[in-house]
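Below you'll find only one chain, the form predicted alone, shown as structure tokens.
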Amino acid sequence: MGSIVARFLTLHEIARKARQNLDQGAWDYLVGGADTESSLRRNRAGVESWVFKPRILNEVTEVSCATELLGHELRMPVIMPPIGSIQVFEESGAAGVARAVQEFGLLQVLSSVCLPDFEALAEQYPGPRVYQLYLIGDQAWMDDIIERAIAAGYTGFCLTADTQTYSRRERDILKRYVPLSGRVAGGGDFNYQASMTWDTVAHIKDKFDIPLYIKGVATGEDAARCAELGVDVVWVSNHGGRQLDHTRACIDALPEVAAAVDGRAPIIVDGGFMRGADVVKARCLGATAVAMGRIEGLAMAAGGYDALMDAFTILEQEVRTSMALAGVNQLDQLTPDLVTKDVSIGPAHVLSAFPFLSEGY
């Protein structure tokens, strides 16, 4: 499983190598957000503003961070979310992610606008995997895709609900950069994304026997409606700050969503989560698992499969260390009373989780 001697020993090194390997267009696409990038910065600021209230003198000689999501065992509460242009960062694309995820023991959510395509990838790497779809066709087109995903062995189906239209990403516009995910649409019409309603959710639940993930939940009201309709996984997300600008940090929406769901479905959260300690905070606030898209992108850009395996190993070490120092040895001991909101210690940005980058390390 991976190299005996890790090529990377810190996430800082992975971020630095990714920057060295990517041209300006690909780098800005990876780290950028919509419009003023307020949502992007607020995501990270939100994560940093939650702090631990550790307990002492508890037995933590052995710490387990293993969990499960809809019966799928996870070595730690982390999943790899859909990234439409993952092949821009490293040529193996989604296949490299699939290999690492399968070998380490996590879960991949595959984007419908990445390569290899979902059927080819399932044939190459059979096993549990979730398929995320952008609507570029009518209901009959969607139904056909879901049937094909089920036939290919996918164990979950995800609709991204916060991309009614493609946002204005000024980092890209300023350079006239058109990302691959904006070019690949299989000849379809992205305007179908704007046609999705709660009836779409009800239709999928009524017609298909596959767990349904709804990605893009930002309020307790929508989370409750998801649970009422039988949505299997509620996914708190603002698309990494890449869609609607000026939204709450996802971690700040998480307690509200967890209260509204009230145990009726697992909860995934993404948005600004870059370190193992961040994962632990999310678990304290009600998340089942954390989706870490920019870590996925940075690691693939830094060295593909090998770098992603190193990132997983580092994250697992950080999760276990944070748990032990917080005074817990099992994930179910992570509760809201172990964290509290505090003042920010400085300006946050997309890479402020790696402060030594600015010092030349």
Ligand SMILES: Cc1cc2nc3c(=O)[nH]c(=O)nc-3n(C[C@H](O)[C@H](O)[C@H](O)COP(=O)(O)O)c2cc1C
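Don't overthink the numbering: it's just position in the shown sequence, from 1. None of these values were measured; they are calculated from a predicted model.
Beyond the structure shown, there is the form predicted in complex with the named molecule, which is absent from this document and is the topic of what follows.
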query	finding
Contact residue in the predicted bound form, from 213, 118, 104, 134 (heavy atom within 4.5 Å of the named molecule)	134
Of 277, 258, 113, 249, the one that lies within 4.5 Å of the named molecule in the predicted bound form (heavy atoms)	113
Residue 129, heavy atom within 4.5 angstroms of the named molecule in the predicted bound form	no
is_contact(residue 83, the named molecule) in the predicted bound form, heavy atom dist at most 4.5 Å	yes
Residue 94, heavy atom within 4.5 angstroms of the named molecule in the predicted bound form	no
In the predicted bound form, residue 34 touching the named molecule (heavy atom, 4.5 Å)	no
Region of this chain that lies against the named molecule in the predicted bound form, out of 329-337, 26-34, 304-312, 53-61 [heavy atom, 4.5 Å]	26-34
Sequence-ordered list of residues in 142-173 near the named molecule in the predicted bound form, where near means a heavy atom within 4.5 Å	160
